[in-house]
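Form predicted on its own, single chain, as structure tokens, below.
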């Protein structure tokens, strides 16, 4: 049968990324407390396409994914990317997996338990002489406005917000990439805000969380700086992009703050 994809294209225009997206696939990720967690990821895979080729072989992306559907972490993503490059004869390959990650959370007073979901992503790229991996975690938080607290006779307005962290780790002396748990980033974001968000709260818990937020007012600028300070102090982290968003409760808009940082002398794998 004719291989149309390998036909010569005369427009002389290389393509940066071409591949498959909006694909749902079951994966298994590492869980700090339970070792492994099954979830479903939305997958995007791509390669570069030299100017002389008309198209790429889309089915080969699915073949590679099906062959590597066990553990999917920063430890296994390089193998998947190398397989994509090899199977499609590409100089550069990329993969993005976006998935919900569930943690059992206990209410602060009653201990009532419920499952909390966090939107996470693994983003990897590979070229002939380098590989890159970024972990992204989005954490819902509670914030209370310091200005509102300072100027009001009683009370203060608060809002639910989100902290999204994109983190790239460095490597140890033996060349192995440092590892960061999703749970660590969840805790870091919650400590940076006025109070955590819980899946299940009884009245005693609501009282506790309300007062906790009141005692820890934080602007969106405070939250993003708190996260940045903590990540910069972590020797495992070589680069991060942090964004905090507060969905204002008394304004017809949201507010956000973003910080990007890279450790001097850091190099990608």
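Numbering follows the first chain given and starts at 1. Note that the structure is predicted; figures quoted are calculated from it, not measured.
The next section is about a form of this same protein that is not shown, the form predicted together with another copy of the chain.
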Hey, in the model of the complex, is residue 190 touching another copy of the chain, heavy atoms inside 4.5 Å?
no
Please tell me whether any heavy atom belonging to residue 33 falls inside 4.5 Å of a heavy atom of another copy of the chain, as the geometry stands in the model of the complex.
no
Would residue 177 count as a contact of another copy of the chain in the model of the complex, using a 4.5 angstroms cut-off between non-hydrogen atoms?
no
At 4.5 Å between heavy atoms, is residue 198 in contact with another copy of the chain in the model of the complex?
yes
Going by heavy atom distances of 4.5 angstroms or less, which of 142, 169, 164, 125 would be at the interface with another copy of the chain in the model of the complex?
142
TL;DR on 127 to 135, 178 to 186, 155 to 163, 74 to 82: the one with heavy atoms within 4.5 Å of another copy of the chain in the model of the complex is 155 to 163
Residue by residue through 197 to 211, which ones have a non-hydrogen atom no more than 4.5 angstroms from another copy of the chain in the model of the complex?
197, 198, 199, 200, 201, 202, 203, 204, 206, 207, 209, 210, 211
